[in-house]
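In structure tokens, one chain follows: the form predicted alone.
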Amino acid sequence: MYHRAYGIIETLAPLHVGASAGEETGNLNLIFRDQFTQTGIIPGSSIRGRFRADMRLRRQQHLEASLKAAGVDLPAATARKVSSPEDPKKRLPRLEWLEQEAEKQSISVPELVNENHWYGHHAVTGQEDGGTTEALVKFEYASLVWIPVFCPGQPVVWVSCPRLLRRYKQITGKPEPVLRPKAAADGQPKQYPVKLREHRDRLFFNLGFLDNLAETPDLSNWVPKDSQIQPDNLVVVDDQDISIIHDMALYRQTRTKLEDDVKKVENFFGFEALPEDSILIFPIAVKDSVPHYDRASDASADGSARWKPFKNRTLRELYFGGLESIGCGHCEVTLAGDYFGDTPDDADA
């Protein structure tokens, strides 16, 4: 059994999670896609890696503070590798050196900042079954809920489809039925649910238009709370149409590498990314061996640690995916759901 929780990702910059960049001349680095809707996703392994790396840094900071308090001389803060005390010729990663020194001082790491406790222990050479352990916190992939699309001569609109909204409903426990385009009689265009700031009966995209729009005020209830996107420019299209609209919305850029001594292109590659202001959701399962969080007292029944990846907060800015050095991956992540004391109603109000 598991406690239920989920995370909302709102991109603050283009987000690329997919093929690595710049390894092949003329390569187009695509993002990972959902197999049914062909819309962008973030694999659960990428999400876990981000959370794990964040807690690993907190463990390192705990070890440094504890060793310093014990009177151990620490290497310079900029030293990423440190000589082994037993063999000066051997260079150890800083964290491994800290772990060895902490063991000598009988310094332990609290569960609260131990990524190996929550996300599973990595393989260790020489131990039975590699020394791996099962993760207490499990992540599934993040799927889109809304993606912004540029419409010529009109405001940017956020687009979704019934399949994406159904996954959002399954994860959050939202009680309302999923909104979907309705078939019209006599061969007329389908009615597409929309929430637009100004009443329109037609919405243009770069590659076509939608007719017979059906004003649906409740559509804004499908925008996660605290989101910064505009809840007055929304439209739901058919599942078979979301793929081409999604590809039209993607952020694309071609990049070049010049030769060192002359302004001559040595290599070039293109990449695509989810645009900023995209909304994604991913489910989280926390094993029930971890005590439930009591929101009123901020404590568990037996006093043991609970999963607190952002310390006492449920919102934090994180980087996901690749190409961080050229401005990609900046996201805002909000944690919610049963484990954090949210109910379906107040989570999506």
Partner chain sequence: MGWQAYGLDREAQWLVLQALDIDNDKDIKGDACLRESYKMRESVAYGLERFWGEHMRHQGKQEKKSRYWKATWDILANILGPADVTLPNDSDPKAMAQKLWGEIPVDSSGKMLTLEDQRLALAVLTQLCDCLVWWTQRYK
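Numbering follows the first chain given and starts at 1. Please read all numbers here as calculations on a predicted model, not as lab measurements.
In what follows, reference is made to the form predicted in complex with its partner chain, a form of this protein that is not presented.
Residue 225 falls outside the set of residues with a heavy atom inside 4.5 Å of its partner chain in the predicted complex. Looking at residue 152, you'd find a heavy atom of it within 4.5 angstroms of its partner chain in the predicted complex. Using a 4.5 Å cutoff between non-hydrogen atoms, residue 241 counts as a contact of its partner chain in the predicted complex. At least one heavy atom of residue 248 is located within 4.5 Å of its partner chain in the predicted complex.
Distance criterion of 4.5 Å from any heavy atom to its partner chain in the predicted complex singles out 189 from the list 189, 120, 162, 75. The contact residue chosen from 272, 276, 211, 111 relative to its partner chain in the predicted complex is 211, the criterion being a non-hydrogen atom within 4.5 angstroms. You can rule out all but one of 99-107, 195-203, 80-88, 255-263: in the predicted complex, only 195-203 has residues with a heavy atom within 4.5 Å of its partner chain.
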